[in-house]
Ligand code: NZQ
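As a starting point, one isolated chain is supplied in C-alpha cells, in the form predicted alone.
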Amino acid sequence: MLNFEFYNPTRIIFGKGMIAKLDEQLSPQARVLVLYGGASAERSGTLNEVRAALGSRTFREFGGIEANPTYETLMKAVAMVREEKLDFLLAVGGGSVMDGTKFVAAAVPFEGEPWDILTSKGEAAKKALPLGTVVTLPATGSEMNCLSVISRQSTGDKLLFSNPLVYPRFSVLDPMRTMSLPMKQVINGVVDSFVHVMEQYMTHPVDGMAQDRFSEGLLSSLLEIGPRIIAAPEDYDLRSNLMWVATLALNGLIGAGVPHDWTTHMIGHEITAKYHIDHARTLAIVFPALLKVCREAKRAKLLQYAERVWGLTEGSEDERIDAVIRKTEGFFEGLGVPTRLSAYDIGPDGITDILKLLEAHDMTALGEHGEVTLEVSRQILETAA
C-alpha cells in the first residue's frame, strides 16, 4: 500500500426530513447566500424547506447555476456576496451547484483574478468562506470532498481545482429530495459514481485490501441499484443507497493509499466542454474504450474485477478480460447510456478537436503511470468511435 494522508472534516446529516437540522449547523448570526440551479429546487419544495430551516437569519438567494457551472455566472454570485457582506454559502442542488459554490467560497476573499484559482489547480487559494450543502442529486460526491470543476464560456475551458479550504462544513442528504428528478439524471448519477470508483480501483495492485474490498462492494451495489431503480423509482431504500454510495465513491476513503487513473474524467471533461454532453455520459463513452486500450497495464486488476465483482472465473485470462469489458459496457448500455461517440454524431474531426483541447490543457501524460499520451488518448477515442 502507498503512503497516504487522509482528512475529511465534512459532517454528514443523512435521512428523511433532515433539512430541518440546518438550524443546528449555522450560527444565528450567519448571513447566508443560498445557491441553486434551476426551477426544480423550487418546484420540488427543497428551497421552501431550506428557507424554513434558516428561520430569521439574514439570507439571500442566487439561482441559475448551470449544469456545467460557468465562471461568468459564478462571478455574479461573488459580487453579491461581497456587496452584501454575506459570510456563509449554502449549496442546494447537485454536483454542479456544489462545485460552483466551492469556487465562490474561494473567489470571494481572493485578491487578484479569481480564474487563477482554476489555472493553479487550487493552489492559489489561501482563504475561503465556509460552506455547506443540501444534496438533491447523488452523483459527484462533491458534498464530501474538496474538488470542483468549473467552465469558462469565453474560452471553452473546463478546469478542475482542489483545496482543503473548500470542504463543506456539513452536507444534508435527504433521499426524498431525489424523488422528483428525471430518471435520466438518476441514471447519470449511477454511471458517474461507478466510474468514480473505478478510477480509484482499476489501476494496478498495491495490496490495498480494505480499499479494494470497499470499492468492489460499492461497484456491486451500483450494479444492483441501477436496473432496480429504473424498475422501482419510488423505492426510498434504493434512493438512500444510491445517495450514500455516490458520496462514498469520492470522499477520499477508497482512494487513500492506492494509485488513481483519472484519464476518463479528463477526456470526458473535454467532450463536455466541446459538445455539451452530460458529464456522466461522456464517462460511459470513454471508460470502456480505456479498458480496451490499456488492458495490459490493468491486466491484474481487470482479472480481479472480473472475478470479485462479476463472478467470472471460467476461460483464459484474455477471455475473462474480454468478457468483463463487455459486461461493463453492457451495464451502461442497459441503463440507456450510449458508449459510442457516434451516438452523439461525433466523428474523426471531433476526435481531433478533443485532442487539441487535451493538449491545450496539458493533459498529455495521464493515467496511473503517466503513460496516456495524446496518441494513447487518440486510440481511446477512436476505439470509442
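Position 1 is the first residue in the sequence shown; the rest follow in order. Keep in mind it's a predicted model, so treat the numbers as computed, not measured.
Below, we refer to the form predicted in complex with the ligand, which is not included among the displayed structures.
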Option from 326-334, 39-47, 53-61, 345-353 whose residues, in the model of the complex, bring a heavy atom within 4.5 Å of the ligand | 39-47
With a 4.5 Å heavy atom cut-off, would you call Glu270 a contact of the ligand in the model of the complex?
-> no
At the 4.5 Å heavy atom threshold, is Lys158 in contact with the ligand in the model of the complex?
-> yes
Any chance Thr203 has a heavy atom within 4.5 Å of the ligand in the model of the complex?
-> no
Does the ligand come within 4.5 Å of any heavy atom of His279 in the model of the complex?
-> yes
Looking at Pro164, Pro182, Gly315, Gly112, which has any heavy atom no more than 4.5 Å from the ligand in the model of the complex?
-> Pro182
Since exactly one of Ala91, Ala107, Ala139, Ile285 fits, which has a heavy atom within 4.5 Å of the ligand in the model of the complex?
-> Ala139
Go through 234-272 residue by residue and record those having a heavy atom within 4.5 Å of the ligand in the model of the complex; state none if no residue qualifies.
-> Leu250, His265, His269
